[in-house]
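First, one chain by itself in structure tokens, the form predicted on its own.
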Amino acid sequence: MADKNNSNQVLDTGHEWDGIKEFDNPCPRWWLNALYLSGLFTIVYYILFPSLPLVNGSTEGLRGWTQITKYKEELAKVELKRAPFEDKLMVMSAEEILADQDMLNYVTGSSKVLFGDNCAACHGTGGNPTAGSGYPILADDDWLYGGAINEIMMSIANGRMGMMPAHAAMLNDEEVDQLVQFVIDTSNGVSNESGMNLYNTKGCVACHGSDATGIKLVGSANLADRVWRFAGSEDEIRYTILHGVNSTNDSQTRVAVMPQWSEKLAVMMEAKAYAIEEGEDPNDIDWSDELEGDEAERLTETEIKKLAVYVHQFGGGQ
């Protein structure tokens, strides 16, 4: 072998740049061994694991391992641990879950992803939507349709779409200004007698109540607090009065719709509530008469119970 310390005895490739010759020394043995081993590793990997893409998939490999298979195996372990809790949830009411600390801890901990997948896009992480977005805050104690656990369940199951008519064609500019000031004064606890007279005369009292604190049955806003669905500035209040909310005869109306997540559960809850009101046993309800069989279910009853409890624990549940 040529003496590496003597450049005149080392073969070169014949390439030279700026007086620098490219020698033809062999690669280091460790480097060649690593190259051969990496090639061998590649061949073994191709044999054992999915590797070559095909038209409808890939080669499966001798081990038949895939990320989906691994995911399903790990998911099965999680579901096995959750099974006892989930089985109990199916037969427990939301009130019973709130009264059972172990189940409450489980539901609160396991519903974060459920809320994130279905609710957080509108209501924000932790029930605090972006300011001015028009989505209700779930972490306070101001509820349009009630914050009791069953009322929250009904809101989720049935969805909500409150309606305030547009008043642009019903009020003149002076009346609009007067009502805007009345809302501002009322929210600040300031008496406005002339505004209250106009409030009653124009029919606002029918939805917002005699004391302007809203009516839960129709989901009307409480005008006497400082919680605003859209915003509490003078311009925003004026816009709501003029164009309403979900008003069918105004193209500029505010749109505020919560989708229905389980028509079936909503029907069942209404039927049970009616039976109790009539002094009947809800367990005696003939569901073949109450349900038509085609009621939509985007979420299961158990999932809605879990979400209702989760929202209730944000801090504003009544």
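Numbers for residues come from their place in the sequence shown, where the first is 1. Small disclaimer: the values here were computed from a predicted structure and weren't measured.
Not pictured, yet referred to below: the form predicted together with ligand HEC.
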Heavy atom within 4.5 Å of ligand HEC in the model of the complex, from candidates Ala212, Met92, Leu144, Leu98, belongs to Leu144
Exactly one listed stretch (69 to 77, 119 to 127, 102 to 110, 82 to 90) reaches within 4.5 angstroms of ligand HEC in the model of the complex by non-hydrogen atoms, and it is 119 to 127
In the model of the complex, Gly132 touching ligand HEC (heavy atom, 4.5 Å): no
Discussion item. Can you tell me if Val190 lies within 4.5 angstroms of ligand HEC in the model of the complex, counting non-hydrogen atoms only?
Written reply: no
| message | Taking ligand HEC as it sits in the model of the complex, is His167 in contact with it (heavy atom to heavy atom, 4.5 Å or less)? | response | yes
I'd like to check something about Ala256: if you look in the model of the complex, is any of its heavy atoms closer than or equal to 4.5 Å to a heavy atom of ligand HEC? yes
Near ligand HEC in the model of the complex, with a heavy atom at 4.5 Å or closer, the residues from 199 to 215 are Gly203, Cys204, Cys207, His208
